[in-house]
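Here's a solo chain for you in structure tokens, the form predicted on its own.
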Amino acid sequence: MQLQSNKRLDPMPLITLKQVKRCYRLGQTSITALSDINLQIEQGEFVAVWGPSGSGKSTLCNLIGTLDNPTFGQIIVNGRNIAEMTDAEQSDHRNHSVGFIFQRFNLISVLTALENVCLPLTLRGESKTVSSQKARSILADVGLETEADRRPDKLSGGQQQRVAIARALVTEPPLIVADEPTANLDSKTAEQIVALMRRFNHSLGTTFIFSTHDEHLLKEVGRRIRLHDGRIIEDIVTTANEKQVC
């Protein structure tokens, strides 16, 4: 599929979090999932958010993807505070600017791989012919051109996650957020999935942010954000020749 590069010329960060805190109510108890999060994500980064279960990885991914709103603080996307957006504007941002990849794949069981990938385009009003052409092309890019007419239950876990990646990429978003995308896969397949995401990051300039608890997957990333008890305790940017602690 001839996807367009998402690299931008302007210096504005893709997304900025300022003094973000996220709390949840559990009965009469308030639980703090994230606290004092200050973060900038630039266009073209390949970022792993990692840490143990309960460290706040999924909450941070949901906030970055604007699936959730902070209790305190600001999240700024495209120069706008999401708190100032209407529900319709937030929905439009997610539909046009963010692709999502989930731990459990979230494929629709009654649809084929091709139909699952077509779905975001169909929801945008693309014609069936155009949607099918784009979907077949991106399925070929993830190595599944021969599996297009199979339903999810006829695909392996790794193949299902490749379909999910294709579905996220087909609308050409500048940002893809993946919450534990390798958690249900064996270690070899997990490494292949991360390498595939990295390939699209390099070739298209698409920003990828994915959460993981597996340190073995960190060797492929350009930036590692480590969470513990809802706080960032380490933010390391890795270049080809050096590692810089931010």
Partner chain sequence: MLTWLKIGFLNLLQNRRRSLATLGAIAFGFAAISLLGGFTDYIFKSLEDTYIYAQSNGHLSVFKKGFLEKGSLDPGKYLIEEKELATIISLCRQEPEVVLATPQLDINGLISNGSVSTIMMASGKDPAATNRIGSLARGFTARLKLFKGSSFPDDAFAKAGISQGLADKLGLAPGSEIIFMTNTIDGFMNAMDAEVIMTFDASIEILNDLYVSIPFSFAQALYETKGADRVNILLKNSRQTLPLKRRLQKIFSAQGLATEIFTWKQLQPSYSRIHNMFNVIFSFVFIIVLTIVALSVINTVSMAVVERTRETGTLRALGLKRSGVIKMFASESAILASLGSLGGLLLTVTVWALVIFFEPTWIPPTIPKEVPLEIHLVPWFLIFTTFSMVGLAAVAAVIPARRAAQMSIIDALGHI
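Positions refer to the first chain, counted from 1. Since this is a predicted model, take the numbers as computed values, not measurements.
Quick note: we don't show the form predicted in complex with the partner chain, though the next part is all about it.
Interface residue among Thr122, Ser137, Ser156, Asn81 relative to the partner chain in the predicted bound form, by the heavy atom within 4.5 Å criterion: Thr122. Note on the partner interface in the predicted bound form: the residue among Ser91, Thr71, Gln74, Gln133 having a heavy atom within 4.5 angstroms of the partner chain is Ser91. Interface residue remark: Arg167 is counted as part of the site for the partner chain in the predicted bound form, having a heavy atom within 4.5 Å. Residue contact check for Glu115: one or more of its heavy atoms lie within 4.5 Å of the partner chain in the predicted bound form. Remark: Ala183 does not count among the residues lining the partner chain in the predicted bound form, judged by a heavy atom distance of 4.5 Å or less. Shown alone here, Thr146 lies farther than 4.5 Å from the partner chain in the predicted bound form, counting heavy atoms only. Contacts of stretch 83-113 with the partner chain in the predicted bound form, defined by any heavy atom lying within 4.5 Å, are made by Asp87, Ala88, Ser91, Asp92, Arg94, Asn95, Phe100, Phe102, Arg104, Asn106, Ile108, Ser109, Val110, Leu111, listed in sequence order.
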